[in-house]
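Given next, in structure tokens, is a single chain: the form predicted on its own.
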Amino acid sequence: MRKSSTMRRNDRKIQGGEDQDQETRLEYLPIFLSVADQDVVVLGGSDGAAAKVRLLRRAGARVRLFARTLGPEMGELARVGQVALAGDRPTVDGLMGCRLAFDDGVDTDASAFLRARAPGLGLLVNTIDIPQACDFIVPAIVDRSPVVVAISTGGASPALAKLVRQRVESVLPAGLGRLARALLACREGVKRVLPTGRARLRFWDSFLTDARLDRLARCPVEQMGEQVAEDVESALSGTSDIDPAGEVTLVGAGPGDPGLLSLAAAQALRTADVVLHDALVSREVLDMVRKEARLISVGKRAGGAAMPQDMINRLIVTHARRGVRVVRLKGGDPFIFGRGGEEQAHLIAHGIHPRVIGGTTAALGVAATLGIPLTHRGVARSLRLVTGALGEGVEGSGVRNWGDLADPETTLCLYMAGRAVAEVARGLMAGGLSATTPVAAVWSGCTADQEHAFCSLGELALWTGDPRNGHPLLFIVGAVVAFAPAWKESRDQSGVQTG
């Protein structure tokens, strides 16, 4: 079966407002620990231990060194007074009062003594390059002090952590630390104008856009503080009467791949307080939500339990009236079979005017993964997106005008049509569309679980049921399907073949 790249379904969710955190367990709790003017033990005189000493000294720690021999780097650190030589071997008295210990693991007897005594002394130990012998680990860091980014693989691959660090360093401007210090100087002024924490949070979220960060971080050193102060004062001039009411943004999450999110959608997720999300929103997209935000699953599945739409509407209003920033995160695009229009109307009726950020609808994402041009000069001059989710049936219901839909120069994308697709196919042929018209069926489009199959419209009319029931399913009907690179291969086989 042909798989598309990207992701798995998210299982970090809140059902009915109750937290159900099902993410992979963190191997280590990421924290930033102050060791300024604190005593820290280093055991061993190797170059690896010397690297830890340099890091500790940058953080303001006092280092007690136990070592039988000193390598060249540690010898130099001792010569210039960066460490206090405490003896050849650790002693209980020598360990007293220390918070952390770093062990290079060279002197195994000394290491065993340290490990045996550490728990009783409340001492946390890091044994360099031996993760299983560590109470804590030291991440790779990107230093733009006071901005510091920590990167860890939980000890699985320090080389990978280093590579990630190098990539992060390449995209963070060198002036980021100066910018952070300039912003710190502006905080009291902002606090005087905006006395509530919520108002200040909104201000800074709107002030620190990607474009402004890039511009200010490039300022010359001597101009940085003045320029930041001017920008903050200008931005504050119209915000002293900030409305304390909440905000609602209807956001399209796309079909699954987080790479298909717009920049505006990603920014909304980074600043949301509450996110009410569909069941089909992928884990990778939800992982972009800031960790302090509350996630509430309000998803609906065909044939399964569902939260009624009126309850979803009430939840959005309830949270908005608490003065928080609410994101209603919908798979695909909010206004394409997403009931976003209903939610917008409900919000406006309750005095809340939402912002809408569109998303990539499934038809566009799926067609791109298969190489299907939804329109093509001389083949398809129009595109129609149609829902097949009709409880009262399709044929004879009066809802579908098959004569209108059965246009050989139109590409049809059928959403939610799995149960009625055979009737749809027969209706299209009755309306004049050829039984040889190519069709693509795609399950779980734009995710790591994507699968697809090709057939003709006549073969589709014989469809007896969805073999992957429960997976989102989209049909693309039209001559353009034959442009998919895998189409010819599938036609060399008989019947509906999986790609």
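As the structure is a computational prediction, the values presented were derived from the model and not from experiment. Numbers follow the displayed sequence, beginning with 1.
Although not depicted, the form predicted together with S-adenosyl-L-homocysteine is the subject of the following passage.
Comment: S-adenosyl-L-homocysteine is not present in this chain, but in the predicted complex one of Leu65, Leu473, Ala50, Ala440 has a heavy atom within 4.5 Å of it, namely Leu473. Of the stretches 215 to 223, 187 to 195, 360 to 368, 111 to 119, only 360 to 368 has residues with a heavy atom within 4.5 Å of S-adenosyl-L-homocysteine in the predicted complex. Remark: all three candidate residues (Leu280, Asp333 and Tyr415) come within 4.5 Å of S-adenosyl-L-homocysteine in the predicted complex, counting heavy atoms only. In the predicted complex, S-adenosyl-L-homocysteine lies within 4.5 Å of some heavy atom of Phe337. Contact annotation: Gly45 falls outside 4.5 Å of S-adenosyl-L-homocysteine in the predicted complex, judged by heavy atom distances.
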